[in-house]
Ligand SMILES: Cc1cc2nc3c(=O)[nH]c(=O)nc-3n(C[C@H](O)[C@H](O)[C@H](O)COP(=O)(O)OP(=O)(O)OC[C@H]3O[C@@H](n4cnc5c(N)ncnc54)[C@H](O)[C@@H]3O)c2cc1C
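One chain follows as structure tokens, the form predicted on its own.
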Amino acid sequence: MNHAVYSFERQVKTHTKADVVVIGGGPAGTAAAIGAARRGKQVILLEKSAQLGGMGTLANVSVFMPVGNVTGIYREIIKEMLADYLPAGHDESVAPQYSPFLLRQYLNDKMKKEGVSVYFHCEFVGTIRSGSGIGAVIVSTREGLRAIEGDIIIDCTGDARVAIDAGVPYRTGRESDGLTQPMTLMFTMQDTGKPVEKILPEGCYYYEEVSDLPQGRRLYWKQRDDGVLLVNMSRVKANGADMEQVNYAETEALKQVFSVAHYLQRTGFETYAIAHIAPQTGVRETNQIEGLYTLTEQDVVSGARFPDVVAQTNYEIDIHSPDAGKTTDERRVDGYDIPYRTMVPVGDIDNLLVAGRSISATHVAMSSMRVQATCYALGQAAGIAAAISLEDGVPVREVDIAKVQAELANQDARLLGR
């Protein structure tokens, strides 16, 4: 194999600039953009695909896991898009199944209302250092490479792509061997009201028993009254940030989808046909930055509290076997804080924050904090912190946490115990 290394040099013109530039339009990125915009900052949100929502839309992970609270921007989403599920208090939990198509439209509309400039089809390529910070990010667009300048950069790529390119230390997967939680391709089936033709394409698998299934279990949601069955039953051993492994995962997961659907059509869902297969396989875990603080398993199980808390959850430890075995490590959690310092990278970069699942956390801790609702909470806090950093003229690591927490409250994000 050729391992030659090339130097690639190119003059890249600046397309635009903003106070805050957010890379990645998933839950963390959309919430970060809103959080900063509500402090009056000019915000640009860069998304590599054609839609916002991250795994919730791109990978059809269209169910919110119960995180113990419904607050902040996440609460707004429930109130405005899923009003029937809105709990009376911020300290209650819901787990609604939703339409990824409606969420996509909702987020587009939300960004316009909040004054956020969204750029689709802009994939991160690299960072440009300027003094003690990042002066611009380079993105690949439909017009070629372009530079987007920003005073504060928030990495919400899910893979810590921006932070890693800027030299932030990181690790991948579990500490013992670097293996990540497996990938899953979500799909929906629709009740047609009559028996359907069972199709098993060539090269797929014939699952006879539950024990034959990739996860060794049946896992699906059927909460809505529209006959939609949301299925989460594939499992592929792969790192979603590795080129070769992703190539394998996308083809293997699709084979599993058709095989699982065929199994379900023979075991209780005889009138259901495949209605939608997510355009990409879902990723649970890739890279974690090294931050000023690393959230640990002990923090999660002991219910740790921190003075710089910016998000809270009681979602369970939920580790799909990194070996792709037919097991899942599920452990109940009573509730814990996630400190701001987990989003602040170590090192000398003054204007970079990382929000979402790639914050500084161990493999076990990350399995609990990785779900969408918590990522919305982390993103909102990151956006607010970015705005305050600019207002006070201080590096992100020196932001006044009391001001961040006060603005979270002002934006209707409640922190229990404060």
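Just so you know, these numbers come straight off a predicted model, no measurement behind them. A residue's number is simply how far along the shown sequence it sits, counting from 1.
The same protein also exists as the form predicted together with the ligand; that form is not shown, yet it is the one meant from here on.
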Name the stretch, out of 387 to 395, 345 to 353, 370 to 378, 35 to 43, where some heavy atom lies within 4.5 Å of the ligand in the predicted bound form.
370 to 378
Among the candidate residues Asp109, Glu250, Glu123, Glu270, which is the single one with a non-hydrogen atom no more than 4.5 Å from the ligand in the predicted bound form?
Glu123
Would you please decide whether Gly158 lies within 4.5 angstroms of the ligand in the predicted bound form, comparing each non-hydrogen atom pair?
yes
Contact between Ala382 and the ligand in the predicted bound form at 4.5 Å, heavy atoms?
no
Is there a heavy atom of Met65 lying 4.5 Å or less from a heavy atom of the ligand in the predicted bound form?
yes
Can you check whether Gly282 is within 4.5 Å of the ligand in the predicted bound form, heavy atom basis?
yes
Select from 168 to 194 the residues with a non-hydrogen atom within 4.5 Å of the ligand in the predicted bound form and write them out in sequence order.
Thr184, Met186
